[in-house]
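The structure tokens that follow cover one protein chain in two forms, given apart as structure 1 and structure 2.
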Structure 1
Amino acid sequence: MSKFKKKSKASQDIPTSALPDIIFMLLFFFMTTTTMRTDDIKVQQRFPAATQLSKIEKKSLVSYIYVGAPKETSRFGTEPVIQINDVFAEPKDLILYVAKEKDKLADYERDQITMAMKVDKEAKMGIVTDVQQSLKDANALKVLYTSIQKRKDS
């Protein structure tokens, strides 16, 4: 009897010392594959699908412009708006924004600045055109229309 009891006691606790390792592995995976969310996005963001995608070569050269209908429709209406940093903006504000973003870069990189336009697919070209006109005024000519990979079959 006593012999039997002893045996069952020995197998009772499960070794959990390897658990932190597994969790750390997951943690490192998420740390490396994700980026910090810098802006609090206040507009709808559903991107159109496209096939000819190019990747951003250098992250530091990219600045973001968000366009879409506001999420809080009761306060801001349903018309698409432009968001830069954390606030809604007018097309003319982009000139200052581009100038500020260019100031953050080194001299030789300034003309390579890329504006990533994160435009909701429900938006109309009118507002996109206004943004592009401002970008032309601000002399930031490289744009990237953020889109998702289109499935082959569709």
Structure 2
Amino acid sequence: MSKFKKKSKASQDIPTSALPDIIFMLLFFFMTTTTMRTDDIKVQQRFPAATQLSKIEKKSLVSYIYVGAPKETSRFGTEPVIQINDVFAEPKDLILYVAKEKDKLADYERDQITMAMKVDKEAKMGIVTDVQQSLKDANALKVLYTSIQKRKDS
């Protein structure tokens, strides 16, 4: 037992009534401003320029296929590769990929699926043709290519 006791009349409690309001405000702020990462792109992406472009109307029906030289050339070489989701794939893997992407959609939207190819401008046409043939075999007939707007002065 101590002989000396503090005799303080002032209250030392910290008011915490506003703390839940502040926590919810921060929670809502981060929920509304945070975007989810879609894919970690592992191939080089320099898009060719085009003059006639159109915007995608319903992005939820679009699945992306990346074609280009790997960014880690020491590990994967310099030949162009196909990337779907976060992994490298062969053209034969695209049939299963398209089937999985169609399964994610509702029944009435499965025929409207669009495969967007993001092809590096230095990629060879042979790998692009292989991808096109695999998409044709998977019955994914709506294919678009990503490009940038060509400047009028050039």
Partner chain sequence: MARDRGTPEVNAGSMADIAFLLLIFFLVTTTIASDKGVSLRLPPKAPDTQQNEVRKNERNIFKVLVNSSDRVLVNNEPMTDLNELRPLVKEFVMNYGRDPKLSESPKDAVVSFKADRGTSYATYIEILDNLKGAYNEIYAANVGLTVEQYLKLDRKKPREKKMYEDSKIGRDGNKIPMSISIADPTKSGS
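The structure presented is a predicted model; accordingly, all values stated were derived computationally and were not measured. Rigid core (definition): largest C-alpha set, two forms, superposition within 1.5 Å. Here, a residue number simply tells you its place in the sequence of structure 1, counted from 1.
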(request) Give me a 1 or a 2 for the form predicted alone. (result) 2
(request) After lining up the core, report the Cα displacement of Ser17 between structure 1 and structure 2 in Å, one decimal place. (result) 22.3
